[in-house]
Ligand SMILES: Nc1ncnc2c1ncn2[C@@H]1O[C@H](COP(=O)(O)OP(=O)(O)OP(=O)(O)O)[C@@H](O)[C@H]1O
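A single chain, nothing else alongside it, follows as structure tokens in the form predicted alone.
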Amino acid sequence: MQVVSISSLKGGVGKTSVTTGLASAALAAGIPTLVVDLDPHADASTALGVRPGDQLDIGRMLKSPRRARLAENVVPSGWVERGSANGGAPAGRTSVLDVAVGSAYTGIYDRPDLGRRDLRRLSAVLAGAEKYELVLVDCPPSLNGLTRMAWSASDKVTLVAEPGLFSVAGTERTMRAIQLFRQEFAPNLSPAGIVANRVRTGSAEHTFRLAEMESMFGELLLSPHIPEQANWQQIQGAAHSIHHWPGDSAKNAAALFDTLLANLLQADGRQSGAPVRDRVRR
């Protein structure tokens, strides 16, 4: 099982869109996947078509992590029902895409002073996640307790950034934060890479910033880059998988997420100990 946190310290860069795009690719590939919606806004839960019932949300599971019984409290994504009889998975594989539902209750842990014991809460909850090959944790856009809790439970961190000045500068700061967090709390944690999201191919500024990101982050800048998707809000509002949405634009985006997921899972963090070059041009 691989646990991957999807993080950004800057809001509005499409972090949840990348999380759901990767979840869609995992569903199409037949990889048993759990999405943990750790953002108090719970946007990933909405986009995944989840209708919570009597199950505990992730916030209440974190309150009593050793009694959480994760398998009894996850909710199947509504995407599975919209696919084929096998959910779109390859022959011989059954589609599994479950959600640990988000809620505002998780906000009680999103503070900067969590101790080591609290940082292990999500790890304790995920001890019941044996049936999954992949766990994607959608983090809030901050470096407070919830993100640090997610990093403590993760094997890898994937950062999401737009090719803009403030987002690139924020990504550089986040990389430094990961290095410090590894030294103190999670020596086995590694950056899986950086996803350039909402890229506009005709923008001179985006072209410039992408070149800057390549210079700063090297191989940690994952490919392919994800272009701006005009109908992404419509797809999320309808609670559909990108792989099940009609049209060439969605089909092309789905193929990009297929490749991105494969590259992310193959990332081994070989540069995780290398210093990030501080070359954000202001």
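Sequential numbering from 1, following the sequence displayed. Fair warning: this is a prediction, and the values are worked out from it, not measured in the lab.
Same protein, other form: the form predicted in complex with the ligand, not shown, and the subject of what follows.
- Heavy atoms of no residue among Gly49, Gln55 and Ser77 are located within 4.5 Å of the ligand in the predicted complex.
- Note on the interface: of 230-238, 26-34, 64-72, 213-221, the segment with non-hydrogen atoms within 4.5 angstroms of the ligand in the predicted complex is 230-238.
- For the options Thr106, Ser95, Thr147, Asn197, the residue carrying a heavy atom within 4.5 angstroms of the ligand in the predicted complex is Asn197.
- The ligand is not drawn, but in the predicted complex it has a heavy atom within 4.5 Å of Ile226.
- Residue contact check for Gly128: none of its heavy atoms lie within 4.5 Å of the ligand in the predicted complex.
- At the 4.5 Å threshold, heavy atoms of Val13 reach the ligand in the predicted complex.
- Among residues of the shown chain, Pro141 is one whose heavy atoms approach the ligand to within 4.5 Å in the predicted complex.
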